[in-house]
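What follows is a single chain, given as structure tokens, in the form predicted alone.
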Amino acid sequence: MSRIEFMQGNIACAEGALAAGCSFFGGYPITPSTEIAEHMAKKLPKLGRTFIQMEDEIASISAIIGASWTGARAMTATSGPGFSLMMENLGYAIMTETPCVIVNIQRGGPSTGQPTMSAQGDMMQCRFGSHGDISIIALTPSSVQEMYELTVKAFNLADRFRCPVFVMSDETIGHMRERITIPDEVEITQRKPLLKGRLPFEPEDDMIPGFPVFGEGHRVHVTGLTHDMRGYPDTTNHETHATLVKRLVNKIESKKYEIADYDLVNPEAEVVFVTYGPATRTVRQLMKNRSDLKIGHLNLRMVWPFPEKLLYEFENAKAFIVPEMNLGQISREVERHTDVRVVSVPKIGGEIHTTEELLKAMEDFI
């Protein structure tokens, strides 16, 4: 059974988190993500769970990291400037293998930029903003329905891979209102416990250690320093550092095609759009308006880790067209993995692409 509702994207994100069992939200209100915090503030206490409005975004991500170590499914939500403040502790969450969900409802930047306008300018910051060699998982919804579903998925991936997971949405999807189907219950991936006799950072066959929850019989040292499998700092041993960091990267990269989430349409096409987020909707409308044109489409619901082999599914491709609400961040990633011509269609200022703009990009190429 399920129910139908008419819902805003940000509310769908919050409802997805609640359905996924989110038991702790720590956040600081910032446009255009604020409705997520407001909704969580209304709902979590009534469910016997915890909402805390933190003093800033540094405190917000610190709070969810701490909550996760007590066994909570923890989330925060933010936008542009707040996302930048979280970068140092993002690295801490990666290094300490802390499951948590970070939602970024993107707006125009740099700095405080355009608080009420849409953008996708944080895609590379999400991937490379924190220091050191890292890999991350980032989901990119293009509808209100996907805001709900991918938020649930983010929690499951965070617990499966024992890492922070991003929902990289934007003002367009966050403030959009659409019909949405909400299931009575959702699938929940249980966090893998630390087995008796195992060390708290000792990887199992899948390169992921079990998670030792504070207060459940484990005494664990948790540090952002390079550490051994006990969690004790070991900062001058090059082998310890190389082994640890390679494992943190490979536990995600080695599974990227298993967890890749995408739509692939018309693989025989010569002109292929590669999209994520709002541009997906424009491409689908263009394909509907111009069914006489053979248009290929790769829609990425998960941009990071980037599934480059999917580009090779379009064996006849003569051009990949990448419309984005930035100056071409992911188009450069596409370009890095193919010899086929890549046409970037950047757009900033807050408005989404029109079908006419995408059709012109096609015609210019043809």
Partner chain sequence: MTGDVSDWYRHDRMPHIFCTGCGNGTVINCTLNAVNEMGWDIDNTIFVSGIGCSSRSPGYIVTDSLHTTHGRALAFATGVKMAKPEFNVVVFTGDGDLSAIGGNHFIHACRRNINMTVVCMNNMIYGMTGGQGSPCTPVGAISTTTPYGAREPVFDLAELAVAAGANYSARWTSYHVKELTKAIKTGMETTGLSFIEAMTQCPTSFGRRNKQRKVTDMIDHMRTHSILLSKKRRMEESGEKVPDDLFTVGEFVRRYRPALGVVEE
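Positions refer to the first chain, counted from 1. What you see is a predicted model; the values in this text were computed from it and never measured.
In what follows, reference is made to the form predicted in complex with its partner chain, a form of this protein that is not presented.
The stretch that touches its partner chain in the predicted bound form, counting heavy atoms within 4.5 Å, is 53-61, out of 53-61, 304-312, 34-42, 318-326. Not displayed here, its partner chain is kept clear of Pro110 by more than 4.5 Å at the level of heavy atoms in the predicted bound form.
Taking the partner from elsewhere, Val334 is found to have every heavy atom lying beyond 4.5 Å of its partner chain in the predicted bound form.
Not displayed here, its partner chain is approached by Ile65 to within 4.5 Å at the level of heavy atoms in the predicted bound form. Although the partner is absent here, Thr338 is not a contact residue: none of its heavy atoms lies within 4.5 angstroms of its partner chain in the predicted bound form. This chain is drawn without its partner chain; in the predicted bound form, the residue among Ile188, Val249, Leu225, Leu293 with a heavy atom within 4.5 Å of it is Leu225. Between the options Arg230, Lys196, Arg179, Lys288, the residue in contact with its partner chain in the predicted bound form by a heavy atom within 4.5 angstroms is Arg230. Applying a 4.5 Å heavy atom cutoff to its partner chain in the predicted bound form picks out Phe24 as the lone residue from 1-28.
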